[in-house]
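In structure tokens, the next block holds one chain alone, the form predicted on its own.
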Amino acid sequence: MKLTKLLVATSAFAISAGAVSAEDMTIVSWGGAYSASQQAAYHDPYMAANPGVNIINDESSAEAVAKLRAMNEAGNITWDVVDVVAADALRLCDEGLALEIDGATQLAPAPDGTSADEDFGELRVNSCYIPQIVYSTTFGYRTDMVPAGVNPPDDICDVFDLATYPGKRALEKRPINNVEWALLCDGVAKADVYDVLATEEGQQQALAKLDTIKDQVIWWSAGADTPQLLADGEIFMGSTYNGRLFSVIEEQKQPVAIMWDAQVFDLDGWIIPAGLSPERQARALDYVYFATDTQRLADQAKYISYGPARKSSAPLVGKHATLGIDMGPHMPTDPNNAKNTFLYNYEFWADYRDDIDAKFQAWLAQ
């Protein structure tokens, strides 16, 4: 969609694409292999098509909610497009910190004319969110550190089994995923995890289970941390995003393998902060129109093993851009990898995130 058409569609104002002077556009994401895949699939082609735009990468997505709240309070929004997980998009939209986007007029239809909203389906969790990829958080482990005579770890509860699988673990420095895995490995049925976690007793139960391995945990904040810790041999196993593990295994050729059991499916996608000037808002909308079309989402899968969020993109996923390997078997959604998945509850975390975060950080400090 040309920028002129987009400006008319949004009824903000109308200028020609050529009238936009050279501008910086700050796009916030997660860094590492993931940001590299976005650079190749989205940013570089967009800048080539729009020479007046210079995209600046910021790797602060883990702090997106807090930082956007602070920017809004200060009346100074310095970000233009932000990559967030679905639960954070729900909170940002509910708090009026993210722009509502009409899928019928402000997002690209599928090649056959199917509307973007229908193409994304239920993955478009609210009107502020444009999903890009389906990914999972799961565990990688050093194959050369598996004890002699012991089978490699293949069960999520092996994370809590220090006797059979000694060594440091890496876990993300937040409760999400950690508390779910802890309850699963403390005997809570998968279907009951969020009901239990909604109670004070359930939250304490999860933290008590995590206590059993706390002194063997290195806590990570950036997505690149666990892959580096694995590559350096500083940990035996650690949680991270499946695409990061793909990079370590297939691109870096490290002695690492993936344990897919109880991988947690989640979404990543774009929001546009509310409160941008009309010019910046139009440019951000033009970018997400471009970056979330069918071909662009399929292109990202050439560089990282995340499944595109649009139905029309899936058949276009092929081989890795440089390795030449078929990317299908490396997707978290591949049947061989998805035998036992855990479905992340976006609504639960939108409601409980702040409270459980506070308890988790207090527990960490003990």
Partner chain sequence: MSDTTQAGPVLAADGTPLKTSLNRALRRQKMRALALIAPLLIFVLVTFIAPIGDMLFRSVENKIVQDTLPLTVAALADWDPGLRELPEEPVYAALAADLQVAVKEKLHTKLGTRLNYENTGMSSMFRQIGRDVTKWDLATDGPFKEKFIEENKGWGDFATWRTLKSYSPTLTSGYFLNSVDLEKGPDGIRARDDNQRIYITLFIRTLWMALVITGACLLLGYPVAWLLANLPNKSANLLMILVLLPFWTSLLVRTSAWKVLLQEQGVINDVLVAIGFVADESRLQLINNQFGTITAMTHILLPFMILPLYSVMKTIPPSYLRAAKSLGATDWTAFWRVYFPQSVPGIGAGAILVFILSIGFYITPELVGGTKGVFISNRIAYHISSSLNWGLAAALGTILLAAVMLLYWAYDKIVGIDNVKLG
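Positions refer to the first chain, counted from 1. Since the structure is predicted, the reported quantities are computational estimates derived from the model, not experimental observations.
Omitted from view is the form predicted in complex with the partner chain, to which the following refers.
Just one stretch in 307-315, 30-38, 62-70, 335-343 has heavy atoms within 4.5 Å of the partner chain in the model of the complex, so which one is it?
Result of the contact check: 62-70.
If the cut-off is 4.5 angstroms on heavy atoms, which of these, Asp232, Asp192, Asp102, Asp211, is the one near the partner chain in the model of the complex?
Of Asp232, Asp192, Asp102, Asp211, the residue with a heavy atom within 4.5 Å of the partner chain in the model of the complex is Asp232.
What is the one choice in Asp94, Asp161, Glu250, Glu279 with a heavy atom within 4.5 Å of the partner chain in the model of the complex?
Contact residue from the list: Asp94.
Contact between Asp112 and the partner chain in the model of the complex at 4.5 Å, heavy atoms?
Although the partner chain is absent here, Asp112 would stay clear of it in the model of the complex, with no heavy atoms inside 4.5 Å.
Using heavy atoms and a 4.5 Å limit, would one call Asp154 a contact residue for the partner chain in the model of the complex?
No, Asp154 sits far enough from the partner chain in the model of the complex that none of its heavy atoms falls within 4.5 Å.
Is Glu23 part of the interface with the partner chain in the model of the complex - any heavy atom within 4.5 Å?
Looking in the model of the complex, residue contacts with the partner chain do not include Glu23, since no heavy atom lies within 4.5 Å.
Mark Thr143 yes when one of its heavy atoms lies within 4.5 Å of a heavy atom of the partner chain in the model of the complex, and no otherwise.
It does not: once the partner chain is placed as it appears in the model of the complex, Thr143 has no heavy atom within 4.5 Å of it.
Residues within 4.5 Å of the partner chain in the model of the complex, restricted to 344-360 and counted by heavy atom
Glu347, Ala350, Asp351, Tyr352, Arg353, Asp354, Asp355, Asp357, Ala358, Lys359 sit within 4.5 Å of the partner.
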